[in-house]
Each structure stands twice: as structure tokens, then as C-alpha cells.
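The data below hold one chain only, encoded as C-alpha cells and taken in the form predicted alone.
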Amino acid sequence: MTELAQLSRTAYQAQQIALRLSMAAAHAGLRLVMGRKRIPSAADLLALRRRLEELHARDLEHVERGDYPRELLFQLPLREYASHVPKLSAEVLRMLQRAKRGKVRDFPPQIDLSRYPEYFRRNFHWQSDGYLSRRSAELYDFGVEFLFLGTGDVMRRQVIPPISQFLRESPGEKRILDVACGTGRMLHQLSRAHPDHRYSGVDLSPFYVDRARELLSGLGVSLLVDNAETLPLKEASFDVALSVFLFHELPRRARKNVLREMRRVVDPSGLVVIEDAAQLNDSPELRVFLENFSLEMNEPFFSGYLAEPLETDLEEAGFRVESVEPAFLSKVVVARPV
């Protein structure tokens, strides 16, 4: 290992420890207020810690193998997130109050909910305005990092290695689509890893797409506001389609519709990569954490998602699953059209 690689490894490990300890302390305080539906055992906590250590080790290995650049290890906008601490603190209090009152659909009257499917009209994670405001979009990425102890971007970029392999094996400019791109964090990392390709993103929230436009400004990324169940895109118009943390928030019918659309817009020689929450078929050791998330976070479709493997849904939609890799509390599924 080179001196630079060793220095980077040491700095990365220090960064992750600092993030985890600071956020874990805040989590502990929240648990005193919220409680837990089920209390994790010592074995549960050991399994969670092992998965976290494996994620960090894999992140470093991918850099050393050239799957993505070293700079991505240190690209969290910590100064921006620090400036959001007062806003997020106030938002957490609102979320706790909303959860206590069980207000699963708590929206200001000026939001036109008729534009969105029924399943989208709720305060996922108890967050104010759901996905339907500028305020929500501004706090979302920091909120994800807080929820997952500083591993949000780490988990997201585990999508990049199979895409890197695909690009090495199939040279030339490729068309890459992020389905439910949100605020653009995944596209930002991917375009920095592989800048010489054409990127597009689609999301149902105009507020999150506006936020993505700001983050991706100057990178030539095409962004659309639309429903992934009926993509306004031509058949076989992309070489790679990916999606991160979408399917656990969809009812079964919508999950199948989105997968059919991804199959339609991906070239027959292309690649599909999906990252989402771990499921019980591949991660039974995480059952208590996954089921607590379902019970505590206003995620009405999560329990159904846990019991219905993504791999089966992909195969039914016309894909051949090539690999399934763990990524802490998530998993990455790689598939190709058949």
C-alpha cells in the first residue's frame, strides 16, 4: 500500500468514527424520548456493527481497485450540513410531535396533492411536507446521514462498482439514468467517478429535482419531474438504469410497474443496478432493525417490501440477477435484461 493510500485510509477511518460517535450520541438522546418498538439484543448490535465495518472496508477496497476516485471518500459537505443543524433540530422536534399524534398525512393546504399518486401523499419518516417542499429537499441529505450514522453517501456509492465494471467492458459514451434521483447525490458521485457519459435523472418531487439542479449545475445532467411508473422516455434509450432507496416506499403494484418501465427503457445489452434496504431473505440478522424501521418511521409499504425479495421482482420484470451484495443496512442488486 502506498503512503498516500495509507494516509487516506487513516483519514477516512477517523472521519467515519467522528461522524458515527457524534450522530450516535444524538440518536441515544432521541431514544430516551421515542423508545423502541423492539430492543436489539447484544447479538443484534454485534451483527449491525459487523455490517458497518464491512461497508467501510469495502468502500476503501473499491477506491484501491479503481472503481471510484479517492476524493469521493471525503466529499460530504460537512460545512453545509453543520449550518443545517439548527434547522434539523427544529425539524426533529416537529417529526417527534407528528409521530406522537400519528399524523401520517400532515401537509400545508397550499400543496396540491392531487398531482401525486396516493402512496406519495404522506410524511415519510414523519418529515414535514413529505417530499413536497423546498424545506424538505434542503434537509433531506443531512437527515439521511443523521439517520444512518454518516453512511448515507457511503451506501449510495456501492452502486458505482458494478457500473464501473460495465463501463470497462463496454467502452464508449453511455447513457445512464437514475430513477427517483431525489436531490441528485447519487448522480453527483457517479458523474465525478465517470464524467465522460450522458446522465439523466427523474423524480416525482419538483422540489427535489430543483435541489438536484443546483447540486448538478454545470455537469450537463438532464433532469425530469415525472412518475417512474410511466417514464416519458423511449424504449431502449439508456445503457444503464439505477435506482437508490426507492422501492421500499412503493406499494407492490407500483414496484412492479417501475421495474417494467426500467426494463423498457434499458437497452437489451444494458445494466440495471438497484440499491435499497436489506431484506429478510438475505439479512435475517438485521430483522430487529428492519422491523423497527417499518414500525417507527411512517413507512407503510416497508413490511411488504421486507418479505418480497427484489430479486424475484426483477426476474418477473424480465431481468437476470447477476449479484446481490450487502451494504450495511442496504443491499445492491445487479441485473441484466433477458
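The model shown is predicted, which means the values in this text are computed figures rather than measured ones. The numbering used is simple: start at 1 and walk along the sequence shown.
What comes next is about the form predicted together with a small molecule, which does not appear here.
Inset, instruction - Please check if Tyr119 has a heavy atom lying within 4.5 Å of any heavy atom of the small molecule in the model of the complex. - result: Judged by the heavy-atom cut-off of 4.5 Å, Tyr119 is in contact with the small molecule in the model of the complex.
Legend entry - Contact flag, Asn227 vs the small molecule in the model of the complex, heavy atom cut 4.5 Å: Yes.
Legend entry - Any non-hydrogen atom of Val240 within 4.5 angstroms of the small molecule in the model of the complex: No - in the model of the complex, heavy atoms of Val240 and the small molecule never come within 4.5 Å of each other.
Legend entry - the small molecule contact at Gly182 in the model of the complex, heavy atom, 4.5 Å: Close contact exists here: in the model of the complex, Gly182 approaches the small molecule to within 4.5 Å, heavy atoms only.
Inset, instruction - Given that the partner is absent here, state which listed stretch (98-106, 85-93, 69-77, 174-182) has heavy atoms within 4.5 Å of the small molecule in the model of the complex. - result: Checking each option against the 4.5 Å cut-off leaves 174-182.
Legend entry - Answer option from Leu204, Leu216, Leu223, Leu149, heavy atom within 4.5 Å of the small molecule in the model of the complex: Only one option qualifies, and that one is Leu204.
Inset, instruction - With the small molecule left out of view, choose which of Ala193, Leu139, Leu250, Val265 has a non-hydrogen atom within 4.5 angstroms of it in the model of the complex. - result: Among Ala193, Leu139, Leu250, Val265, a heavy atom within 4.5 Å of the small molecule in the model of the complex occurs only for Leu250.
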